[in-house]
Ligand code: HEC
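Take a look at this single chain, the form predicted on its own, given in structure tokens.
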Amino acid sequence: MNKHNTLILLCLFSLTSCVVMKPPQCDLEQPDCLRQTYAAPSRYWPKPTVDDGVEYKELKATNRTVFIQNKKAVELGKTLFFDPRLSSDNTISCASCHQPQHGFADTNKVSFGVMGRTGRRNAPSLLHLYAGKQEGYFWDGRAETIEKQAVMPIADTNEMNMPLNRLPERLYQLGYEKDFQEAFNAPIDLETIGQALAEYEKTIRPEKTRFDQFLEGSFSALTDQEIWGLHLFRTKGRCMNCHYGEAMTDGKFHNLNETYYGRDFQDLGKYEITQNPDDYGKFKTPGLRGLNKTKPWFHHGLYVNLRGVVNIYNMGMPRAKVPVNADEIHKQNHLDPLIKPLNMTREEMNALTKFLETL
């Protein structure tokens, strides 16, 4: 046990109990105090800065344990996920855009599909799909369930370009009938295809990181600057309004003034699906696990510098001017009220960035 552990934890072992002492009251501006404070169990951490109505969950280490009810379905889903023959020209698989070595995301701004076609959004990471039921899938929430989400890229003309009414027959031709019978005791149809892919996607877990090691008791895993960044993440940076829990996402949709209305890359987000003015410019909160591997970031894939991302949040996500002849809905300020200028110093932004890099 290192000296920091000794300062924080005093376990009195008996047959029934182990007592963990609270961190001492001290000056959180001091590195030693921050280290002592965050080496304590998270229930003793300073309360995070979140707005009224935000039902946050405390940060916790990645749980890589997977409970599999249907092993055959998971195996089948994994095979389908990596099979490019599900695309119209036999060149693109799900893994072409959700690459395991890149946090099940893509390093391209937008992904390449069949015949060199490109989409309009960055392929989001799949590392947070296990995090319980979500309000919707894709950047704009157009899929209600993970099973529906799993088959939609297959039909997209810019991605895999395989008409869904032809997909079951294609899989029969490829010899998948026995696999589906063993997994579901059912024929190949869109429902069982979606189930197989979803069962595999639910098993995808982030890798363990230095931050996980810290949360699990290896307190030397983070530097003083990174622990300061953790403290800022939870407090002055206001990050836990949207990024919390194990997957570090609320799974909800927010407007961050990233519609690019009237310019290249215009994208109105969830509003394009619902036509509800309340959804204008809203995109799903990505999880922060595997952050360095999943860049470029945001739905448009235009941000590649993490320190720069921290800076625009520090500025309060300023809104670009819209054309004077824009319709009224485009002139309105739709920025999520959770986003506010942070007034962090250069040193604070550097520390927050260093913490994010541990994820």
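Sequential numbering from 1, following the sequence displayed. All figures in this text were calculated on a predicted structure; none of them were measured in a lab.
There is another form of this protein, the form predicted in complex with the ligand, and it is not shown here; the text below is about that form.
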Does every residue of 215, 227 and 244 put a non-hydrogen atom within 4.5 angstroms of the ligand in the predicted bound form? no
Let me know the one among 73, 222, 126, 162 whose heavy atoms come within 4.5 Å of the ligand in the predicted bound form, would you? 126
Looking at 261, 271, 137, 176 here, can you tell me which has any non-hydrogen atom within 4.5 angstroms of the ligand in the predicted bound form? 137
Does the ligand come within 4.5 Å of any heavy atom of residue 171 in the predicted bound form? no
Spell out, yes or no, whether the shortest heavy atom distance between residue 202 and the ligand in the predicted bound form is within 4.5 Å. no
Close approach of residue 149 to the ligand in the predicted bound form, 4.5 Å, heavy atom: yes
Can you tell me if residue 103 lies within 4.5 angstroms of the ligand in the predicted bound form, counting non-hydrogen atoms only? no
So which stretch, 301-309, 35-43, 318-326, 56-64, is the one near the ligand in the predicted bound form (non-hydrogen atoms, 4.5 Å)? 301-309
Residues of 226-243 having any heavy atom within 4.5 Å of the ligand in the predicted bound form, listed in sequence order: 233, 237, 238, 239, 241, 242, 243
